[in-house]
Ligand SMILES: C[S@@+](CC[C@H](N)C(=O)[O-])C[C@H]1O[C@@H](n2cnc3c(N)ncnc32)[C@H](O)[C@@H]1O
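Heads up, the chain below is alone and in the form predicted on its own; it's given as structure tokens.
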Amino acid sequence: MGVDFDSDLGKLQRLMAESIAGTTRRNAILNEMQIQAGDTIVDIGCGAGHLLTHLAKAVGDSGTIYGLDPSEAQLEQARKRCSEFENIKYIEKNADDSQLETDSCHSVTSTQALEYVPDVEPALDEIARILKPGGAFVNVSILWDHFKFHGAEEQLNGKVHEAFRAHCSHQMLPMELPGKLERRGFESVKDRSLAFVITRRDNNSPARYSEAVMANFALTQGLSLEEVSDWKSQLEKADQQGRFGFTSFPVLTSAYLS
């Protein structure tokens, strides 16, 4: 069974962004950034551009927003979503190679992108390089050890979750970020939990999207179709019996370059 996980993940990220969890996350980022009219801001791993529209409105016509993403498919989604804004520019590059000028940005933000960068150090070097002194970096990454479904049989559930660990390079990036940022001259590093719990498996739930992506990814890691189907059936049964749960633990990390 062929599975295009990158496509799956892109779809999951778009669905998550459109959910209440995505709205909460964007509001937290915008509240932390203290944006001024005329600012230059970069969104690293901008995906389908859900945050870009809010940033573009906040900086106004005199400001500039850069949406950086290595995926042309994601940037095409962003262009469609943000077509009315002339102050958004797009960069199809990796996080460690923005090609922007040194000290050119008032703020840099990134949402669920840096944990997928195998060597995150050059990406953080690039963020520090393009930020102006005093500039803000606001990041959201998930504590993947706490991204978990509840309700399926323990051994099988553990097997699916263990397989999913391979989907990203950094399981617990928020725990590592403070030290990495301080070593690059960032100050006032703060962390804020954006954790949420879902106890219903409805069709428009982030839990349902995540379940589908995890199931497909488990197949690529060697689990059998029978095991994966059984896991999904057990979650459905748990939902029917009122004992289903899904937890996710995003963390917002903010810091200012000295």
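So that there is no doubt, residue numbering starts at 1 and follows the sequence shown. Predicted model only: the values in this text are computed from it and were never measured.
Another form, the form predicted in complex with this ligand, is not on view; read the next lines as being about it.
- Not displayed here, this ligand is approached by T111 to within 4.5 Å at the level of heavy atoms in the model of the complex.
- Using a 4.5 angstroms threshold between heavy atoms, G38 stays clear of this ligand in the model of the complex.
- Not displayed here, this ligand is approached by V117 to within 4.5 Å at the level of heavy atoms in the model of the complex.
- With a 4.5 Å cutoff on heavy atoms, G47 counts as touching this ligand in the model of the complex.
- This chain lacks the partner; the member of A95, V138, V160, C168 within 4.5 angstroms of this ligand in the model of the complex by a non-hydrogen atom is A95.
- For the options L68, A207, I65, A218, the one in contact with this ligand in the model of the complex, meaning a heavy atom within 4.5 Å, is L68.
- Stretch-level contact analysis of 146-154, 69-77, 99-107, 124-132 against this ligand in the model of the complex, using heavy atoms and a 4.5 Å limit, identifies 69-77.
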